[in-house]
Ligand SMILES: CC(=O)N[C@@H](CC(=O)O)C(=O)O
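Here's a solo chain for you in structure tokens, the form predicted on its own.
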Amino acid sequence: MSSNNVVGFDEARRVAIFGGTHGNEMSGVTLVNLWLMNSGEIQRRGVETKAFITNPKAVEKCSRYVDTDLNRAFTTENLSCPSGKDLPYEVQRAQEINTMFGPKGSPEAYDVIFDLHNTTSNMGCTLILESSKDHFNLQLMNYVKKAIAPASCPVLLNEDPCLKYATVRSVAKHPVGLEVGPQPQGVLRSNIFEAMRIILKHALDFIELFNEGVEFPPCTVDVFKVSERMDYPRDDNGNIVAMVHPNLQDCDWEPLTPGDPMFQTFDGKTLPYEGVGSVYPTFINEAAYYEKQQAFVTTRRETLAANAIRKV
């Protein structure tokens, strides 16, 4: 509900923190396991915060997944199909998670789910927003960005139906992705671990303040909206024939303009960016995306306006 441009939301009483959606992304796995032993750090007044390992078999194997990517498994088809042990493990797990924390799209679903991820790309701390109309999440992300300033925390908006995917966190009313890197798969880096921990602290503080009746005034949030997925150049047999160019490598969030080096062939030839206007690449050379035929994604900068919010 809303009145006078103030949007009212129910209290965010049920919050979950997911780690291990990808079993080799160690910051989230480690933090969630820490909080499963002692949850004091993540508890706030009036909030029930549940830490949860989403893909325990993948965590045990220290692999991204067992049968299929859990973070693409929360489709209507998967969640509604008859359950059974013949289903891929992650589809079975998606149904279990939907039962525990959803059902997806229902009034009974958890209020907020934070899903913790690591990337091998040089993205720093990145918050992932699934809807530009989610004023609660816009306000939460604005609060976090201000709390950690002058450190950077870009917001990645992925809401294009042709580009977004059925994430684990989409079960919640307010899904929040957190991507922190660079960190190799299967490795735990202390600076990345602590950066993720600090983001979660401020996000939970925001929820506590909201539940206590603090009204958050209108604000604007700069976002990077996903525009296109870029694959590596390939030959007729589908083999990669060029690498991310050295001038682009590790330059997540920096502008890429027409004519700038984008790929470098194995014999040293530069292949430039030939798109229209400047874009801001991210997930550059992400290790997990080779199987998805993705070298990076392009984004374009936008500024979103968030209404004032308060609890009802």
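One-based numbering along the sequence shown. These numbers come from a predicted model, not from an experiment.
What comes next is about the form predicted together with the ligand, which does not appear here.
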Margin query: What I'd like checked is whether Ile128, Arg169 and Tyr289 together line the ligand in the predicted bound form, meaning each has a non-hydrogen atom within 4.5 Å of it.
Written below: yes
Only one of 114 to 122, 207 to 215, 97 to 105, 193 to 201 sits within 4.5 Å of the ligand in the predicted bound form by heavy atom distance, namely 114 to 122
task: Decide whether Arg189 counts as a contact residue for the ligand in the predicted bound form under a heavy atom distance cut-off of 4.5 Å.
output: no
In the predicted bound form, does Asp134 come within 4.5 Å of the ligand, counting heavy atoms only?
no
Problem set entry | Distance check, Trp35 to the ligand in the predicted bound form, heavy atom within 4.5 Å | no
Do Tyr65 and the ligand share at least one heavy atom pair within 4.5 Å in the predicted bound form?
no
Checked Tyr89, Tyr232, Tyr165, Tyr143 for heavy atoms within 4.5 Å of the ligand in the predicted bound form; positive is Tyr165
Those residues of 7 to 37 with a non-hydrogen atom no more than 4.5 Å from the ligand in the predicted bound form are His22, Glu25
